[in-house]
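Next up is one chain by itself, shown in structure tokens, the form predicted on its own.
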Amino acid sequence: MKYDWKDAGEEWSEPWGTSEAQWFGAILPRVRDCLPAGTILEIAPGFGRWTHYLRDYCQELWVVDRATDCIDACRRRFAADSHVKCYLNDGLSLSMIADGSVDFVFSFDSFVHTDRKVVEAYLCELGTKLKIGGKGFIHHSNLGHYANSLRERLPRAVIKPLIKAKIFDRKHRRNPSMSADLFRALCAQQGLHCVSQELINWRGRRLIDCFSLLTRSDPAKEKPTRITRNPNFMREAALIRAKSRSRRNGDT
């Protein structure tokens, strides 16, 4: 089913109030040490919700998506920004990007839905497209961590009423073939190293998402990955939303 993009992706920032509040309150603090960067690559930008902010932190910004409607929307939205280049791809490769040319790669709200094959293909590409020492911030699924849990073995007919009763969390279309551990291992195979991973909850209790901060370097020469469990990510979102609303209302 094709997504209608009626709100240009803004609806996904609702827990934070607005995309602006989410960027400055939740995302920028996590990528601040990676910015500014000479050349940024954004994978799967949608309608440019984060492209809007990333363009202010670089000399060149390349955005790549497999969806024609998304790339067309980004081309229209950023037509006046000569340093923003929008490319349509096959959802697996980055052939339009020169090897060793990317300082920072960013993707948010997309890799959570992609399976192992797609993630592995992109990491293989990033193993050559990133500069030595280049960094990346990828938001991806950790649902695979729960693959052997009782909940994942129950029939859908049993799970559905338990979700409705809020006994079980929703999966939010997270891909079950990816986990933080697997992502870390796939990075190492491509000469990438996960500097840190933050396991977070997403509108529920289970830590079904992960923020992986990676760099192109020899994993054997790097320190072990810093892994943080954050079950309060959505509580953080609620606080950001309240603070944003307070500012809009002119409260002190």
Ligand SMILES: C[S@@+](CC[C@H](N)C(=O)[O-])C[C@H]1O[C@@H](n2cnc3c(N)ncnc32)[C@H](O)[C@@H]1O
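Throughout, we count residues from 1 along the sequence that is shown. Note that the structure is predicted; figures quoted are calculated from it, not measured.
There is another form of the same protein, the form predicted in complex with the named molecule; it is not shown, and what comes next is about it.
- A residue is said to contact a partner when one of its heavy atoms sits within 4.5 Å of a partner heavy atom; Arg66 meets this definition for the named molecule in the predicted bound form.
- Proximity of Asp109 to the named molecule in the predicted bound form falls within the 4.5 Å heavy atom cutoff.
- For Leu123, no non-hydrogen atom is located within 4.5 Å of the named molecule in the predicted bound form, even though that partner is not displayed.
- In the predicted bound form, the named molecule lies farther than 4.5 Å from every heavy atom of His52.
- In short, of 163-171, 112-120, 148-156, 130-138 it is 112-120 that has heavy atoms within 4.5 Å of the named molecule in the predicted bound form.
- This chain lacks the partner; the member of Leu199, Ala44, Ala37, Cys187 within 4.5 angstroms of the named molecule in the predicted bound form by a non-hydrogen atom is Ala44.
- In summary, among the residues Cys194, Ile208, Val31, Cys70, the only one with a non-hydrogen atom within 4.5 Å of the named molecule in the predicted bound form is Cys70.
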